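Below you will find one chain, with nothing else, as C-alpha cells; this is the form predicted on its own, and questions on how it binds or moves follow later.
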Amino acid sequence: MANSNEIYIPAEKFRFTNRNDLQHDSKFSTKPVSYFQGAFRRFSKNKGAVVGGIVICFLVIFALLGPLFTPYTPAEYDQMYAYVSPRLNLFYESGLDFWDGYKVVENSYSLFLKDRALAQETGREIIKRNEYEVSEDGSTYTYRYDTYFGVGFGKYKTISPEEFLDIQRYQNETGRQVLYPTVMVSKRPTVEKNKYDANIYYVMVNPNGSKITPKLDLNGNIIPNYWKYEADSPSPLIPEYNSLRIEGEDGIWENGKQYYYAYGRKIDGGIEVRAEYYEYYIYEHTQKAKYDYDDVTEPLFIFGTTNTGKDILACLSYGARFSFIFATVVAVTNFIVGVIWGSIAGYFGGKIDLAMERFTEILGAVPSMIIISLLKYHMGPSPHAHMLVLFIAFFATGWIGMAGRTRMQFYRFKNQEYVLAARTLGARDARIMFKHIFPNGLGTIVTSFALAIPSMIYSETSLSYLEIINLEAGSITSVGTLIAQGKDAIVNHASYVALFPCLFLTLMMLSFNLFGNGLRDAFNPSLRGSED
C-alpha cells in the first residue's frame, strides 16, 4: 500500500534539460557605493535636513557677504539717525507702506504742525502723502512719518569759515541745497529745550511756552521768521553768502529797501548755520569721496538703526560672522580633544578609563559662570579680553560632552566581530580605533559636532544679552548685544531692532537641529541601505 504522504509524478513529466536552461549568477548592474556616497544619498532623501542645510548656507553667506551691501561698519554711528526705520528703495520708490523708512506716529497738534512746517520749508514728504487722521477730541494726529527727512535740521551747527565756503561751492556745483536761512537769536524760543532747535524757523504762537506751536496765516501756511538784513549795509555778524537760496528769495523789498535772508551767523569759533541734516550727510560723505558726484552716498539703512544710530545690517552681519567663526573654532577644538580623549578611554577601558572619567567628572563639576567671572576679573574689561575669556570658558568643559559620546560609541563597537577579526590579523590599536570603530560611531559624533556650533552661538548670545560679556569694540559686535538693544527699542516703537537678530538666531537654531538630525541618520551605519 502506497504511503499517503508520497506524491506520484508520471515518468513522462520528466525530460533532460538543455545547457541554455542552466541559471548562472548575473553581474551587478550598479556600481559599488562608498560609505560617504551612501551617507550623502540618505541625507538627500531627508527633506528637513536639506532645507536646514540650505538655510545654514544662506546664513553663512549673509555673514560673509552682508557687509558688502552696506557702506557702514559697526564702529560707525550717528546719533542724529537713531531709531531710523528700515528702508528699501524698491518699496520706497513704489510708494508702498512697507519697508519705506516711515513709521506710524501719534502726535499732538503742535508736533503735527512742526512736521508740516519742516515739509513746507524743505519740500520733503515728511508726512506721507500728506495723509493723517485726527482723533475724535482733536488732540491726537496719526500719520506716517519719514524717519530720514524728519530729522530736519537738528540743532544749530557751528562750522569753520572754510567749510562754510566749501558748502557754498558744493551747492553751486551740485544744485543740492544744504544751508537754509537762519533765525535771529532774539526771535528764537526762550525755553532751554527748544532754544537750540534749528527746526523752529517760523513765527510762534507761544514763543515762551513749553509747547512751540507755529502761527498760521489766513491761508493756513506757516509764517517764516528768517533773519533779514539790508543788502546795502550787511551786519558784521553775517558772513558773505553767494550760493543757493530758498525758492522765491531773490532780494526782498520792504518799504523801499532791499533785504536778504541770512544763511549764517558769525560766532566765536566759526559760523552758526541751519544745515538740513540729510543733505549735510550727503555733502560730508561726498567730500570724503573727493567730490565724486556720480557716487553720492545718501543715508540708507536696510534694517534700520539702533538707539545710537548704528546700522543694524552692518552690526548683524559682522556679529553673525564673528559668531560663526568663533563657534566653529571652539567646536573644532572641542571635537579634536573630545574624540581623542573619549576614544582612548572607551577603547582601553579598565583603570585608564576609570582615571580619565574621574578627571572629567571633577572638571565638569566646575560651573562655567565661575570660570568666566574669575577670568574676567583677571584679564580686565576689554572686549578682546572677553573673547579670550569666552574661548577658555567654552573649551575648559566643552569637550567633555564630546568625549563622553565618543567613549560610549567605542564601548558599543569595540567587541564587534570585525574588530576582533582586525585584531586577529595584527592591526594596531590606532588603526582599529580610527579605521574600524570610529567610522561606525561617526553618526552620533558628527551630530554632536553639528549641534555644538549653534549651542556655542546661543551661549555667547545669552552672555552678551545679559551683559556678562562685552563684545562691543570697533568692528566687533555680537548678536546678543543687538537683541539687548532691541529690548529697549520696543518701548520706542522700534521693534525691528530686535526683530532681525532674533530672526537670525531662530533660523540658525532650527536649521542646525534639522541639519544635525539629518547627519545622524545619514552617517549611522545601522541605517545603511535600509531605505534602498
Partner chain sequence: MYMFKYVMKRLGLMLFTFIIIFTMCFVLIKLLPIPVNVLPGQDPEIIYKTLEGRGWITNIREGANGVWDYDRVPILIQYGNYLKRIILHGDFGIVTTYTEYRGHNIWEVFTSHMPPTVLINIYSTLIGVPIGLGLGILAALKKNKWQDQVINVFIILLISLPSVVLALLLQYTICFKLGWFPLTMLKSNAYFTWPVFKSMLPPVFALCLGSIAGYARYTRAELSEVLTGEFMLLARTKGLTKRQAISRHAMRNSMVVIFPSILSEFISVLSGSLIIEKMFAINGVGRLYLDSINFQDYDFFMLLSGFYALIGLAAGIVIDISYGFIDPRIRMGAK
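These numbers were taken from a predicted model, which means no experiment stands behind them. Residue numbers count along the first chain shown, from 1.
Here the subject shifts to the form predicted together with the partner chain, a form of this protein not shown in this document.
Of the heavy atoms in Ile61, none are within 4.5 Å of the partner chain in the model of the complex. Taking the partner from elsewhere, Leu90 is found to have every heavy atom lying beyond 4.5 Å of the partner chain in the model of the complex.
For Tyr377, a non-hydrogen atom is located within 4.5 Å of the partner chain in the model of the complex, even though that partner is not displayed. Although the partner is absent here, Lys47 is not a contact residue: none of its heavy atoms lies within 4.5 angstroms of the partner chain in the model of the complex. In short, of 492-500, 470-478, 48-56, 34-42 it is 492-500 that has heavy atoms within 4.5 Å of the partner chain in the model of the complex. Proximity to the partner chain in the model of the complex, defined as a heavy atom within 4.5 Å, holds among Ala421, Ile362, Leu96, Ala355 only for Ile362. The partner is absent here, but in the model of the complex a heavy atom of Pro367, alone among Pro367, Gly123, Pro236, Gly248, sits within 4.5 Å of the partner chain. In this stretch, 140-167, not one residue has a heavy atom within 4.5 Å of the partner chain in the model of the complex; the partner itself is omitted from this view.
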